[in-house]
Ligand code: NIG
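Given next, in structure tokens, is a single chain: the form predicted on its own.
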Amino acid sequence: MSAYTLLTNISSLVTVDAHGGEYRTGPTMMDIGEIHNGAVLMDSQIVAVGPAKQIEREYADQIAQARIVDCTGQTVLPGFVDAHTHMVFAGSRSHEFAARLAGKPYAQIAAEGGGILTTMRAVRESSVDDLAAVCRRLVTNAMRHGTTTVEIKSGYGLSLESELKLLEAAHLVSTTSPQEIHITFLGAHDVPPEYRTGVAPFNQEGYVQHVIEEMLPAVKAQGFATACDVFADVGFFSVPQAERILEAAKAMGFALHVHADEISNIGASSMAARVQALSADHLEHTSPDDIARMRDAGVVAMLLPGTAYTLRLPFPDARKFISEGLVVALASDCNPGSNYSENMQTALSIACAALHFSIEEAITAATLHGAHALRIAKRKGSIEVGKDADVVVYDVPSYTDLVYHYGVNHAVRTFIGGEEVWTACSTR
């Protein structure tokens, strides 16, 4: 196999070139660096990018050794960086989805022992191999839709043994998948049945202590997770409880993320700013003051449009986030209960139609800003010389077609580290 690959005659080459920066905010999110009739020369990293004639002239020696891929009439983008997923789990919650469509609120389903606890019971009965098989299918299908880097959270075990099992399954998938996988511990996703004694808020405090004193040290010793997340919202964990867990995690060297402001505003996104989380995620009920605190603290606003769509929640005020200068990212939130979709193309479509992103802003949010949320934007998230060659070819003439012609998979080639890891049968 040749050390080089040349993608040439690209109708619409979208680089999301940040000129060495790690993000773009405000109006600069629109600048996606499109090149018509472009070319990308790569080995494991991007070697050259620009107009096809220029690249062919300046890199003739390398191209003489290269595999040539003609991308006439096609679009090339950096791979999606899906920085918020729950792809390791077991079981199905399609019956709960049907109940929600019939009018039952998600909070009521959870209060009746459904929701996260339904998946928890299935996880506890599953083996590591069973969990890895589910995770692998989702990760692979995400890759076929253009996702080249993915974050995976635990959180459906809610016991020390089961959480470690989920993290081990995610790690097992990471050792065999071509994608770069980041693993996050989410033991504080809900309160498990064994701590649900008495009346609400049950024995939450006992479980919080268990997470801090037993789970976190064991997760650290296992060595698979690099980050910690907490679901801070009404019916789950209070801001003081979440903050204690996150501060303990930070002291152990974990990066931090926060599920914030999804169901209501209890101050979770402001808390994310206080603990210097990498991202605050969901943000359907975030106030202007919270936005300012997040911006000033450098917290990425991680919006998950598929979840608000599926749960029929109010959509986040994306225009406010963007206009106030936050780094705004998009992710799938692929999970079994509230958004069972690993397709980032769909996330872009919902973001544009319902959250009022422009197509250019959505692309920036799903690539460069997803990478920044994981603090890997120096390596991933854009097509720039020296970055990892994570590149996806779409069989459409313009990047605008990815959102305009929605509901189908346009990706036909996925390259990770310069290696073609998937090709659609329909590729010409």
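Sequential numbering from 1, following the sequence displayed. No experiment lies behind these values; they were computed from the predicted model shown.
If you look for the form predicted together with the named molecule, you will not find it shown, but the lines that follow are about it.
For the marked spot (R24, R295 and H372), a heavy atom within 4.5 Å of the named molecule in the model of the complex is absent from each of the three residues. Shown alone here, F321 lies farther than 4.5 Å from the named molecule in the model of the complex, counting heavy atoms only. The closest heavy atom approach of H259 to the named molecule in the model of the complex falls within 4.5 Å. Contact between H182 and the named molecule in the model of the complex is not found at the 4.5 Å heavy atom cutoff. Taking the partner from elsewhere, F231 is found to have a heavy atom lying within 4.5 Å of the named molecule in the model of the complex. For the options T148, S270, S349, S338, the residue carrying a heavy atom within 4.5 angstroms of the named molecule in the model of the complex is S338. Here the chain stands by itself, but in the model of the complex one stretch of 350-358, 242-250, 328-336, 67-75, 328-336, has heavy atoms within 4.5 Å of the named molecule. Interface residues of 273-301, taken as those with a heavy atom within 4.5 Å of the named molecule in the model of the complex (partner not displayed), are limited to H282.
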